[in-house]
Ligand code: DGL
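In the form predicted alone, a lone chain appears below as structure tokens.
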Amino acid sequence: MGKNSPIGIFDSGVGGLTVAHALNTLLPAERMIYYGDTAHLPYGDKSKDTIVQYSLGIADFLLKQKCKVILIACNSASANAFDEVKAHVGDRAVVMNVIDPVVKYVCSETDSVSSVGIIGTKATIDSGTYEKKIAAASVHCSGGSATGLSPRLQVSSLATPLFVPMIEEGFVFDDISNAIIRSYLSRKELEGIESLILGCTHYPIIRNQISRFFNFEVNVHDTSQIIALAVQKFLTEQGLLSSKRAGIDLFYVSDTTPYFEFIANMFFTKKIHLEKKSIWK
């Protein structure tokens, strides 16, 4: 695809909008095509085979839109379907995930951090992808400033499966969401952590609430910004930065949910072009 072709982004619902917003802010000349698979959300409680099936279908749709990059803006799909999507797409487009950039970032901060926590969906946490990639980075950490992860680094993971449906249903910034956040984050798995990876693109929506729970003493990473910077770096190095905006951003959902448009309007100053489009027969 040419450098003025769009960037394709997909997620199970509204979560990927955090990444889309970060990209739109950092790279305003880039056109985006977003697909939220709201008919099948959340991906976090699905089997690997099911997540792969949905991800391949969406990848085909984004290829038809002539996307130069397909960004899997879903940790569950990144953890369970990245290799399959990459093999399926081949050389027709670049496939990126949202886990590798965050692992590289963690790699760069290990001089000052000895313990990191990871929260995400059951599919992401059960896959062990973050732990495996962080362990691999301890041997060789390409792209980071450190030569390797400190042997002192302790990694703790916790599945927080209610966060996605909570956010998709609009329970944010209220007593219900605060109670759920408190219930999860007070568990022993996260005791003593110094930084926290939000292993789901939905979670930056409640980042401030999470930081408040920790009295702002834990570095809660803005993963959407980390991912956007990684995309910018890749496009720059490959000479794929768009020289002009070729059309408007398009947002598709597989099923209409009132809260999708509400969240989108929180992030984007202009009213988005939202269309219901089922890609499954």
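Numbers follow the displayed sequence, beginning with 1. Source: prediction; values computed, not measured.
Only in words, not in the display: the form predicted in complex with the named molecule, which the text now covers.
Student: Quick one: which of 214-222, 42-50, 245-253, 58-66 gets within 4.5 Å of the named molecule in the predicted bound form, going by heavy atoms?
Tutor: After filtering at 4.5 Å, what remains is 42-50.
Student: Give a yes/no on whether I118 approaches the named molecule to within 4.5 Å in the predicted bound form, heavy atoms considered.
Tutor: No - in the predicted bound form, heavy atoms of I118 and the named molecule never come within 4.5 Å of each other.
Student: Whether A81 contacts the named molecule in the predicted bound form should be assessed with a 4.5 Å heavy atom distance threshold; does it?
Tutor: The answer is no: A81 has no heavy atom within 4.5 Å of the named molecule.
Student: Give a yes or no for T124: in the predicted bound form, does one of its heavy atoms lie within 4.5 Å of a heavy atom belonging to the named molecule?
Tutor: It does: once the named molecule is placed as it appears in the predicted bound form, T124 has a heavy atom within 4.5 Å of it.
Student: Does at least one non-hydrogen atom of V106 fall within 4.5 angstroms of the named molecule in the predicted bound form?
Tutor: No, no contact at 4.5 Å.
Student: Relative to the named molecule in the predicted bound form, which residues of 67-88 have a heavy atom no more than 4.5 Å away?
Tutor: C74, N75, S76 sit within 4.5 Å of the partner.
Student: Mind checking the CA-CA distance of F260 and D222 in the predicted bound form? It differs by 3 Å or more from this form, so is it closer or farther?
Tutor: Distance between the C-alphas of F260 and D222: longer in the predicted bound form, by 3 Å or more.
Student: In the predicted bound form, do the Cα atoms of S12 and F267 sit closer or farther apart than here, given a shift of 3 Å or more?
Tutor: Here the pair is farther apart than in the predicted bound form; there, closer.
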